[in-house]
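Single chain ahead, written as structure tokens, the form predicted alone.
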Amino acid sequence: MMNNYIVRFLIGSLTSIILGLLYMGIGRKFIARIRRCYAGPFYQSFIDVIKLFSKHSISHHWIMDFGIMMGFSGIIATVIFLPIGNFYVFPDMKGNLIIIMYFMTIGYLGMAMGVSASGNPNSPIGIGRALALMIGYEIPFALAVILLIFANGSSLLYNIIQTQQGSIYNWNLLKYPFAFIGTIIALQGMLGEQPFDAMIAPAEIASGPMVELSGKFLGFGFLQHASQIFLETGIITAMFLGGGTIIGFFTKQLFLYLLTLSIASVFPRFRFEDGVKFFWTIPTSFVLFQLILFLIKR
């Protein structure tokens, strides 16, 4: 039994990393098409990670080492609770949304701790912006989770997916469209894409949190972001798009990721304080309106 769980864990972890890196590579090509410029091959992200892990790494403090690993491990630990199509790493868990939200926070805070220990003043500036934006986009996302828990009488993604089977008309996308819109806007911030990318802002703070990361540390940052893309698009797919078979699940994930890149390609960057205000007003109002409609009809 233990060996079975270990194999499932490795499958889930490697799937999130490999598919996340693939989505990143496809995303680069997609953005290049929109902007009418050239991009590297779709497998460029894999090449970048291999090159980073082959280079010399500079560490400024053991807390930096621990924080980077904590950030990566936190996201991987969250992925194992995510239903990947009809595959579950822990079948008994069934994708508990409360646990998923808790573990996601560990990943974010781990990265914050790691890069803050680097000593570069640009790093805490970027982390401060990232945590401020997190306070913004977590509100509409949490409200959407509360709505679906009320609507399904369960916090398990398995049950939420099951209620959406049978027809596209059963998808929560169509049942709760305002909540979906608010959640998609929140996803834009969760992935750190424009207009909510003030935490990296290369022209302002030298790539923000990542400025002191090199070699394997930057490589783990790449892997964390790849797994994060897989995780967060997977959660929205399960919540609103009915989950699906393995291939269908991956296709919906890629669609959501390309949708965020489409938005990122045409919108300028918000100032981080404006981004927080935007999250507290527009997407929160959408999801809150949907929650009030649900409670009235109930």
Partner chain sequence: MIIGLLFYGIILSFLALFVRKKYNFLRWIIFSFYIFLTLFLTITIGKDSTYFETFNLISILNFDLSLNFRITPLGWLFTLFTTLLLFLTSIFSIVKNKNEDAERLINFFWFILIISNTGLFLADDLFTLFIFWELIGISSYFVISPGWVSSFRAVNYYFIFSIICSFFMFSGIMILYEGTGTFSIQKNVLYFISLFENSPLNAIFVAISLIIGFFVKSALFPFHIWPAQAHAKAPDDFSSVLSGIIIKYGLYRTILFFIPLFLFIKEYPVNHIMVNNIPLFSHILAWSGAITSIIATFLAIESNDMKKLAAYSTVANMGYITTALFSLSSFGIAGAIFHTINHAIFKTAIFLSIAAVKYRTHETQMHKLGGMAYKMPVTFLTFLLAIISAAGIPPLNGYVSKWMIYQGLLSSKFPFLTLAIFLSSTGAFMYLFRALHSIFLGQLPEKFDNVKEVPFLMQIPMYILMFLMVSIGIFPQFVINLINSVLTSYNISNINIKNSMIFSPLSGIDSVKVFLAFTGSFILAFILYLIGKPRKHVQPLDTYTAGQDPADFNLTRELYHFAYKFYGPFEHMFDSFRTDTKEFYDSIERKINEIGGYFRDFQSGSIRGTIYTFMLSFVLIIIYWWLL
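Positions refer to the first chain, counted from 1. Remember, predicted model here, so these are calculated numbers, not experimental data.
The next section is about a form of this same protein that is not shown, the form predicted together with the partner chain.
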May I ask you to check whether residue 216 falls inside a 4.5 Å heavy atom distance of the partner chain in the model of the complex? yes
Would you check, heavy atoms only and a 4.5 Å threshold, whether residue 102 touches the partner chain in the model of the complex? yes
Report whether the minimum heavy atom distance between residue 263 and the partner chain in the model of the complex is within 4.5 Å. no
Heavy atoms within 4.5 Å of the partner chain in the model of the complex: does residue 19 have any? no
The stretch from 173 to 181, 69 to 77, 188 to 196, 160 to 168 that lies within 4.5 Å of the partner chain in the model of the complex, judged by heavy atoms, is 69 to 77
Which residues, if any, of 252 to 286 lie within 4.5 Å of the partner chain in the model of the complex when only heavy atoms count? 272, 273, 276, 277, 280
